[in-house]
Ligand SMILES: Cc1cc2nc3c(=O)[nH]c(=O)nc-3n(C[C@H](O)[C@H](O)[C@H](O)COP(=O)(O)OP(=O)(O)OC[C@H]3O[C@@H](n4cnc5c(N)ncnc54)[C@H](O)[C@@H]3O)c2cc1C
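What follows is one chain in structure tokens, specifically the form predicted on its own.
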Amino acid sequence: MAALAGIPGDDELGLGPNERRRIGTAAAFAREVLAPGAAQWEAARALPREVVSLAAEAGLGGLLAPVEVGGGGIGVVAMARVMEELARVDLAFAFVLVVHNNLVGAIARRGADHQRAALLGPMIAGERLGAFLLTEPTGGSDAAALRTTAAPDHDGRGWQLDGDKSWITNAAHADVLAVYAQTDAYAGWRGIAAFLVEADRPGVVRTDPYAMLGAHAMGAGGFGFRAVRLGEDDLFVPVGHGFRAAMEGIDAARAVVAAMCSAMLADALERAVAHTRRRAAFAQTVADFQGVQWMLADVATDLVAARRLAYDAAQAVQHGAPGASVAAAHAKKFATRVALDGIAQCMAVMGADGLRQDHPLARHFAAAKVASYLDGATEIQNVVIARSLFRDRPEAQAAEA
């Protein structure tokens, strides 16, 4: 990834020996497991569950959890590098692990003692897969307008969960669900709490995975909750803190998605350069045409800029910088956009060969489009950025209150 001038290498990112080992593990896993299977999984529109277990066995199942509990003990920056290595081959699978690792890390930080004891070991080992349930069929990107409700039981000893969640990564295989629900319809975001719910609990309904443009290894789908009984020990994030907790996880994911899109773009650019050097046309190679050179030069510039934004954002999120949310929004917005455009340019200079499955650019292209919706569509990134520009306006202050 550091071959292009201007792209930060691991030394510049300040990564330590443990973090570099994890990155090396991810690169080997991508080469040995993902590369042989990614096209087949996409054709079948399904990811075999055992691939997640293999990733966990390789040490990729608890990256953000402390070493003391069996986790990787790395930060957001290093996790972005790990996911880059995976996304060069299959962004969809990489995002499976982003969601899972974010939840494992959150349980390690926020979970009660009994939740950490029960869940961290099996999740780090890949025996149980996590999912983050915020989006709803009617709410879309309005994350604060939840219709899923958690009402206190009449005896005051627990909750009843009702509602529907949609566009959930890992829905096809998830075992542990972090469900965000409204406890007080009049409280807005201040009434949101999160619960840890087993997917096989009575009243939990798993819908069929979605048929999408691409990225089917994500296992995206939905869940319904029909009078699901929860105890107080299922409460994960207390009432009033749920929305902010969700946004913290989303900021990290946006930075990592930006890095993953950069990885797909880097892979596409490398393949396009190699292809145009080999391909002959009109008594010269395609790479000799200035028009082709300039097309790929523009891609290279966008790649350098996207990766810089991604790691600026990852650093900000990791260190809790005041502008982390805005940095993550900039990075995710820009990286998804240039990945989609740049991969298309790389496909164009490769001609019809760019459509072949042995050149995975078409799969990258579909994944880049899907990535533009992950953790908030581009328009939501614009909302975050615009609020930072007009923070002195009363309506912006009210939105951030």
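Everything numeric in this text was worked out from a predicted model, so none of it was measured. A residue's number is simply how far along the shown sequence it sits, counting from 1.
The next section is about a form of this same protein that is not shown, the form predicted together with the named molecule.
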{"query": "Touches the named molecule in the predicted bound form: Gly158 (any heavy atom, 4.5 Å)", "finding": "no"}
{"query": "Glu379 within 4.5 Å of the named molecule in the predicted bound form, heavy atoms", "finding": "yes"}
{"query": "Contact of Val383 with the named molecule in the predicted bound form (heavy atom, 4.5 Å)", "finding": "yes"}
{"query": "Gln182: touches the named molecule in the predicted bound form, heavy atom cutoff 4.5 angstroms", "finding": "no"}
{"query": "Heavy atom contact within 4.5 Å of the named molecule in the predicted bound form, the stretch among 126 to 134, 296 to 304, 79 to 87, 112 to 120", "finding": "126 to 134"}
{"query": "Residue (of Val317, Ala194, Met218, Ala266) lying close to the named molecule in the predicted bound form, criterion heavy atoms within 4.5 Å", "finding": "Met218"}
{"query": "Listed residue (Leu103, Ala150, Ile168, Leu177) with a non-hydrogen atom within 4.5 angstroms of the named molecule in the predicted bound form", "finding": "Ile168"}
{"query": "Candidate site Gly139, Met212 and Val370: all three near the named molecule in the predicted bound form by heavy atom within 4.5 Å", "finding": "yes"}
{"query": "Any residue of 286 to 318 that, in the predicted bound form, places a heavy atom within 4.5 Å of the named molecule", "finding": "none"}
